[in-house]
Ligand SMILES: Nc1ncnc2c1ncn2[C@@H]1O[C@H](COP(=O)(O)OP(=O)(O)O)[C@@H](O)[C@H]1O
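Before any questions on binding or motion, here is one chain by itself as structure tokens, the form predicted on its own.
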Amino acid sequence: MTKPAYKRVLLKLSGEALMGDDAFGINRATIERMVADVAEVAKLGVELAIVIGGGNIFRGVAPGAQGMDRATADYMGMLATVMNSLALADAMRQIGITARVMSAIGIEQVVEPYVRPKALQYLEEGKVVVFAAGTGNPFFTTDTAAALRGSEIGAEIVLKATKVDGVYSADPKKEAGATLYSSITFDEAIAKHLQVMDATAFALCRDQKLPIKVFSIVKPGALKRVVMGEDEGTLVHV
């Protein structure tokens, strides 16, 4: 294809993806490479929104949160996603891409609040919108935030960037004979107990008929190939 397959997409990045080979935090070379991939897609004219996790800094269900009140731990995780979102937006600024961070929790001195009409306006203006702080509620993951925001902004697809190149019949690290699916339906994924997203996010995408493309963010050029509609990763559809 000579033009993008999608006009508006929601990219879900895990916080762990920002670590690179580090044990925690943000690896500078890794975030610069990711942002270069994002810039390549943005320059194609694709309207791009991003939801990023916070697992590289803090996760509400991580061992470090043991003994903590779950809601408190989840709020800490939301703040970690704000830090990652700011880092992403600043890295984009440095290469000439305009990004706006919108938070689901109120911290106006740092980032603006999430307001749907404003987010749509930014997307139509060609800005990259980074949705921070998950859904703004404890007990919900950033996967669910991606499904929710993707539905709200009318994204044509959720792009779930992972460290593996799609959805397999089993864990490819544990089973050498695991099969990579090129496409699979939501119902098939549920029946086979495939961990594409958490159950709430997955159900929301299925109900809204919002397809998910699972691909490897580690592979050079994979994001652009997905956006161009090339054979990359696994498509989960109705």
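Residue indices: 1-based, along the sequence shown. Each form is matched to the other, and the largest set of C-alpha atoms that superpose within 1.5 Å is called the rigid core. Computed from a predicted model, the values in this text were never measured in an experiment.
Omitted here: the form predicted together with the ligand. The next part is about that form.
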property	result
Distance check, residue 122 to the ligand in the predicted complex, heavy atom within 4.5 Å	no
Contact test in the predicted complex: residue 171 vs the ligand, heavy atoms, 4.5 Å	yes
Residue 88, heavy atom within 4.5 angstroms of the ligand in the predicted complex	no
Contact test in the predicted complex: residue 194 vs the ligand, heavy atoms, 4.5 Å	yes
Three-residue site 4, 7 and 37 fully in contact with the ligand in the predicted complex at 4.5 Å by heavy atom	no
Partner-contacting position among 101, 157, 97, 161 - heavy atom within 4.5 Å of the ligand in the predicted complex	161
Partner contacts for 55-78, taking the ligand in the predicted complex and a 4.5 Å heavy atom cut-off	59
Large Cα shift (2 Å or above) at residue 174 between this form and the one not shown, core-fitted	yes
